[in-house]
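Below, in structure tokens: the form predicted on its own, a single chain.
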Amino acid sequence: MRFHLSEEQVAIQDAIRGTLADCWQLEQQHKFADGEADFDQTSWDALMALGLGSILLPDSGMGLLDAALVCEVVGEAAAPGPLIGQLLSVAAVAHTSHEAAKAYLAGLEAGTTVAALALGESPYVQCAKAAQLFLAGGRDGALSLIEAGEGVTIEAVKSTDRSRPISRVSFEGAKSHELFAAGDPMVSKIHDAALVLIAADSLGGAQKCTDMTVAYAKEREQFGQPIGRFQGLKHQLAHMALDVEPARAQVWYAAYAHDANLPDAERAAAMAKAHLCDVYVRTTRAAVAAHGGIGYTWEYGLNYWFRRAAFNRAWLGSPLQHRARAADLAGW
């Protein structure tokens, strides 16, 4: 049993981190947030050029743990784009026997066909204006791939998350391909994978905010010394680190349990989603408070992670809902 990442997994994270450092700096974030687009082609193409679209293919030799490591770095950068929807659409289409849907697999894998996630009952979908496909369905229903175009209505709304703008979407009369019927184990497996990837995105964002705050505490001076030397702030930074670091194991275990088909995989996914989204919100709040006045400014940029944390917390169910599910799954 290994308790750390392999050299290949570390290299994948470093490659994504370096790519996003080149194409998704704070300047690009501000420009994107001030615009009307819900998709950034440059950063998307750069990520897809790394081959991320193939991670969840059955013959890739990788699995949800590797996809979670990718989403962790993407969350760390608060990068745009429907990456979670793209990865899960590749997985769903690769496993289905629906021949018409399989025709989309090559484009999804390359990233030239963009797919957004429309799971659950919510009408709100990230990056809907840019999507050519939507992976849709409820946990208790069928899982379908819906084509953008006739029958799909998209109304952009002002969203909290400025890194992944959302729209209100309806699919009445849209062309749909049923990938898996209601009751097929793949339906719940895709839903659980989505929960784990949202938890991974939250982990990356929480770690980023902790690192930003520690760096600021070492640099900002008051009364002739760095503010990080003051005991009150030291405690606050320690609490942030103690909140984030143990949660990392929870995400990794949930992804591993999913890949290994362990009996508690569904519960582990629910717990990871619930806990990491709470950790993310707490960490971003603490980061803003520790920064003082500059943390509240638009220019400094902490708000991107705070807003993303708020969206992740609500996406596909609140922590309260998933803790209730986890309790039911444990037979409590």
Partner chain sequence: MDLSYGAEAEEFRKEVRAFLKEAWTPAAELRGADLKVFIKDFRLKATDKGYLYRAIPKQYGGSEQPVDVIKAQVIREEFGKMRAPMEMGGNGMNMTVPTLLEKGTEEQKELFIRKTMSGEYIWGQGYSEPGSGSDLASVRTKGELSADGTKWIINGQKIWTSQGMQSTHMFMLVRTEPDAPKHDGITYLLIDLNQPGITRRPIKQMTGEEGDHTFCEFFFDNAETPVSWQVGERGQGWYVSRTTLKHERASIGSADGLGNQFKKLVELAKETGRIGEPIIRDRLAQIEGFVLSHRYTSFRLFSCSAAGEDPGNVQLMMKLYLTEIGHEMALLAQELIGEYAFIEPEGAGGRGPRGPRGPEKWMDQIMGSLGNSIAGGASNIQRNIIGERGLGLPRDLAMSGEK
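Numbering follows the first chain given and starts at 1. Just so we're clear, the structure is a prediction, and the values are computed from it rather than from any experiment.
There is another form of the same protein, the form predicted in complex with its partner chain; it is not shown, and what comes next is about it.
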| item | value |
| --- | --- |
| In the predicted complex, the residue from F180, Y104, F171, W252 that sits within 4.5 Å of its partner chain by heavy atoms | W252 |
| Partner-contacting position among G138, P123, G151, P226 - heavy atom within 4.5 Å of its partner chain in the predicted complex | P226 |
| Answer range among 209-217, 187-195, 156-164, 127-135 for contact with its partner chain, defined in the predicted complex as heavy atoms within 4.5 Å | 209-217 |
| Within 4.5 Å of its partner chain in the predicted complex, all of H30, V90 and A110 (non-hydrogen atom) | no |
| 4.5 Å heavy atom contact, I146 and its partner chain in the predicted complex | no |
| Proximity of I55 to its partner chain in the predicted complex, heavy atoms at 4.5 Å | no |
| Any non-hydrogen atom of Q231 within 4.5 angstroms of its partner chain in the predicted complex | yes |
| H95 within 4.5 Å of its partner chain in the predicted complex, heavy atoms | no |
| Neighbours of its partner chain in the predicted complex among 211-249 [non-hydrogen atom within 4.5 angstroms] | V214, A217, K218, Q225, P226, G228, R229, Q231, K234, H235, L237, A238, H239, A241, L242, D243, E245, P246, A247, R248, A249 |
